[in-house]
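This document starts with one chain, in the form predicted alone, laid out as structure tokens.
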Amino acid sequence: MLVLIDHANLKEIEALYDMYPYDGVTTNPTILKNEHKNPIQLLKDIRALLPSGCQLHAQVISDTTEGIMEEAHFMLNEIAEDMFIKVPVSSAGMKAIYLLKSEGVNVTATAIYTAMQAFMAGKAGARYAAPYVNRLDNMGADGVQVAADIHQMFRLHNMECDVLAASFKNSQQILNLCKKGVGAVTAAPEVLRALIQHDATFTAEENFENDFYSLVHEIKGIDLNRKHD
């Protein structure tokens, strides 16, 4: 399962990559707005920060097929040819997904709230379909189950599309999707840190360190600074 960072703050992205080798970054217009910077320049800076082979996803805002295509071509030319263009699954968006796929463009179908929206986006040529897990939960649905159903449908019909689940409030939701074999997730920094950090691990680490140095004090002649051959 690929794990991506759903954020646009350069310092946060760099700090996360210093801790763990993630698979890329996803953004949307709201995330970019929160940084109060030129969005195109910010996306360029994120692309430059990411290691080779990592993904960058950015979203169009037009509500017509022609506008979506124009924005997509602009981003591909200005930012990176291999970036993923996020397209909402409106009627205009579905047509744009098909057209972009015919040009060999990587497309992520976004704003997905039903399994059939994702299925039709996959048939149109999307590489990823991004259901909003926590938003679905807040609407009274089971977001994890919807994402899992989409994944099962893609595999059952031998489609090339994968789930890129988004919108999480906790690490348990990601764990549940990981157990179901979902292809990718993207989450905010605080949720991603919770995938690794655990108070019990910190306590164990501290106990091991204290026990070791206690042993050093008991046994004379141990030079911790000595280099071994």
Ligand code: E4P
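Predicted model, so just to flag it, every value in this text is computed and none were measured. The first residue of the shown sequence is 1; numbering continues from there.
Another form exists, predicted together with the ligand; not displayed. Remarks below refer to it.
Query raised in the report: Taking the partner as it appears in the model of the complex, which of 175-183, 60-68, 162-170, 40-48 has residues with heavy atoms within 4.5 Å of the ligand?
Result: Of the stretches listed, the one contacting the partner is 162-170.
Query raised in the report: Thinking of Phe84, Ser102 and Arg127 as one candidate spot, does the ligand come within 4.5 Å of a heavy atom in every one of them in the model of the complex?
Result: No: no residue has a heavy atom within 4.5 Å of the partner.
Report task. Answer yes if any heavy atom of Lys95 is within 4.5 Å of a heavy atom of the ligand in the model of the complex; otherwise answer no. Result -> Looking in the model of the complex, residue contacts with the ligand do not include Lys95, since no heavy atom lies within 4.5 Å.
Report task. Please run the contact check for Tyr132 against the ligand in the model of the complex: heavy atoms, 4.5 angstroms, yes or no? Result -> Close contact exists here: in the model of the complex, Tyr132 approaches the ligand to within 4.5 Å, heavy atoms only.
Query raised in the report: If you look in the model of the complex, which residues in 1-29 sit within 4.5 Å of the ligand (heavy atoms)?
Result: Result: Asp6, Asn28.
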